[in-house]
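Okay, so here's just one chain, in structure tokens, the form predicted alone.
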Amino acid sequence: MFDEALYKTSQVIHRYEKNPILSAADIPYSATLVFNAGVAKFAGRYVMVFRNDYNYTPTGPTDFESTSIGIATSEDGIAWKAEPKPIFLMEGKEFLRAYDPRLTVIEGRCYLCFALDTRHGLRGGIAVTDDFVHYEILHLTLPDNRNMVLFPEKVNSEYIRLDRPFPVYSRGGIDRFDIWLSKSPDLRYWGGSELVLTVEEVPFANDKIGPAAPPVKTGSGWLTTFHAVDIDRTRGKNGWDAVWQKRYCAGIMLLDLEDPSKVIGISRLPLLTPEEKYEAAEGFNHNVIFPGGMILEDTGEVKIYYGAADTVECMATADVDDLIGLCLENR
């Protein structure tokens, strides 16, 4: 058991008072759970790509393949309008569903990382688009890997990504998942993988950690969110599932600008924990916060977009200097 005093949202975080910012009620096609979105500024507007699980009910069975990726746009990053239909990235009998998208703009093009359930394992994918109509698939990992996020620029002439493989066999047969970094010359071929952060190094996790929103560049380092999961076997139903014993929180760290495999600062306390009813007491899985997008505005404000309870999409804000301070205060 962990000290529950750890599980408080940082005082530097301000939830948007009208959360959630996007829910199933805002989607003009079949939608039940709208969450885990990636967000970027692209072509003069804010773009959100979100996971939509539909045909889900609190009492009936869920259809594993009833998932789509939707798009919404905004002029200010706060008020969103969903496009009239979802997008489809993959076709073929081997592919079951694509979900949990992340967006990164690199050199004027928009790249989409996503998870892909297949009949022979869970894979991570990278696609590129210039118009959110046409997509080119650049890369698919071997099973099992997901939660991939791209850095918004090359480091030492290489593309960089964070990801989270699933080494169950070599980690005692249970969830003990960590954050890794990989490099590529062209976004198609990846290697040079290094371990960045382990679950044992995060005081508010006992199950797994992984990347969250794509990193943001600051003068102090790559500002990087991650998700952290703890399990309490005394927890009960906590949502639509028969049993839900996990809690997802958001953490924050700084990675070195020239060598992003090095953590140069990390908050020993969570950045954002499930406290509001739409995070902790409603929806599909209670006690879930999962950041998927982070935008640093010219004013120094950071907009953090996160899925809540695996059901709705929400937003919080903070000052970039305050976030950096959290990472460096206990160094």
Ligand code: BMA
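All residue numbers refer to positions in the sequence shown, first residue = 1. Computed from a predicted model, the values in this text were never measured in an experiment.
There is also a form predicted in complex with the named molecule; it is not shown, and the following applies to it.
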Worksheet item: Out of the stretches listed (259-267, 274-282, 41-49, 288-296), which one is close to the named molecule in the model of the complex, meaning heavy atoms within 4.5 Å?
Response: 288-296
Worksheet item: Three residues, N36, R146 and Y248; all within 4.5 Å of the named molecule in the model of the complex via heavy atoms?
Response: yes
Worksheet item: Does at least one non-hydrogen atom of D100 fall within 4.5 angstroms of the named molecule in the model of the complex?
Response: yes
Worksheet item: Hey, in the model of the complex, does K208 get a heavy atom within 4.5 angstroms of the named molecule?
Response: yes
Worksheet item: Closest heavy atom of W244 to the named molecule in the model of the complex, within 4.5 Å or not?
Response: yes
Worksheet item: Considering only 308-324, what residues come within 4.5 Å of the named molecule in the model of the complex, judged by heavy atoms?
Response: D310
